[in-house]
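Next comes just one chain, in structure tokens: the form predicted alone.
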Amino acid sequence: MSKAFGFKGYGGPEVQGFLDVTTPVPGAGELLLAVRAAGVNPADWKLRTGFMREVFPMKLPAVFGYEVAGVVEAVGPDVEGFAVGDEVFGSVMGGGYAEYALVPVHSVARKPAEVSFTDAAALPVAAATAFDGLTQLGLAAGQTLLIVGVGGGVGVAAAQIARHWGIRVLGTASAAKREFVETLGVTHVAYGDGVADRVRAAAPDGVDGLFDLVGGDALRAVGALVAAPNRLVTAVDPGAAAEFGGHMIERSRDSHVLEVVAGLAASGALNPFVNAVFPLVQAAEALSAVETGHAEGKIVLQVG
């Protein structure tokens, strides 16, 4: 048996807690990782509340966690290119807040020596989502990107990758995050009434692409600023994006994207901004910090 942190039903924090689980055995196309770090994301608590349960029904009890970094403990049948002891990171469909996790081999990549386990665990969701969204937008160097909700994990990664590609970036965020946002080389635009006018003032030549991470009224307030509908993508609200002709980010979730973002992190072009690391025994506190919506950058659990 091994320890994991999950939830036994849909609801608030009262339904979550530690679970004793059977240590999984890798099947065909899978690796078993001894987890060293797991990323904490808004999707964790949202799925616990029952969000999108019709689309993503959970088998309960369920273990939190969609991104991990660790050491290969066992290799499943027909898996080539990985061996016990390899240091890797990748995406999991739940199960990351645990001592051991199964990872599909197509969703894992080797961890560069220059990248820590805690930084690597912050890449599969935030940085890979950012890369996928930016790739779909297809902006060129010199064009202007508006990120709605730039202060969180995906926004921080998207801003850095876009800047690395020579794209000018504006980002909406709270006034409290202005200093942090500006350290990314991003023009900060405050949320609230008049936000569209503030974007126009900051980008008088217009906005070439919009990357939405908030949805709802925050997206509706600025969605019309993008002339080309195919240059609006969202990670959270396909309904609001569709009102302007935009669409949901199409996630690739493959090893190639992980290798690319890991390379950016190893080179220093991408800082995951892991601003808080909690031990697994404080998983509830880590998840609460993300659920408040005020975290800057990423929060990661350290395991083992």
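Throughout, we count residues from 1 along the sequence that is shown. It should be emphasised that the depicted structure is a prediction, and the values quoted were computed from it without experimental measurement.
Note that the form predicted in complex with a small molecule isn't included here; everything after this is about it.
Chemist: Is it true that 65, 110 and 112 each have at least one non-hydrogen atom within 4.5 Å of the small molecule in the model of the complex?
Modeler: Negative, none of the three is within 4.5 Å.
Chemist: Which one, 257 to 265, 239 to 247, 273 to 281, 43 to 51, holds residues whose non-hydrogen atoms are within 4.5 Å of the small molecule in the model of the complex?
Modeler: Residues of 43 to 51 come within 4.5 Å of the partner.
Chemist: Would you check, heavy atoms only and a 4.5 Å threshold, whether residue 155 touches the small molecule in the model of the complex?
Modeler: Residue 155: yes, in contact with the small molecule in the model of the complex.
Chemist: So in the model of the complex, does residue 173 come within 4.5 Å of the small molecule, heavy atom to heavy atom?
Modeler: Flag for residue 173 set to yes.
Chemist: In the model of the complex, does residue 31 have a heavy atom within 4.5 Å of the small molecule?
Modeler: No, residue 31 is distant from the partner.
Chemist: With the partner left out of view, is residue 168 within 4.5 angstroms of the small molecule in the model of the complex by any non-hydrogen atom?
Modeler: No, residue 168 sits far enough from the small molecule in the model of the complex that none of its heavy atoms falls within 4.5 Å.
Chemist: Of these, 137, 214, 101, 222, which has a heavy atom no more than 4.5 Å from the small molecule in the model of the complex?
Modeler: Contact residue from the list: 214.
Chemist: Looking at 210, 162, 186, 125, which has any heavy atom no more than 4.5 Å from the small molecule in the model of the complex?
Modeler: For this set of options, the contacting one is 125.
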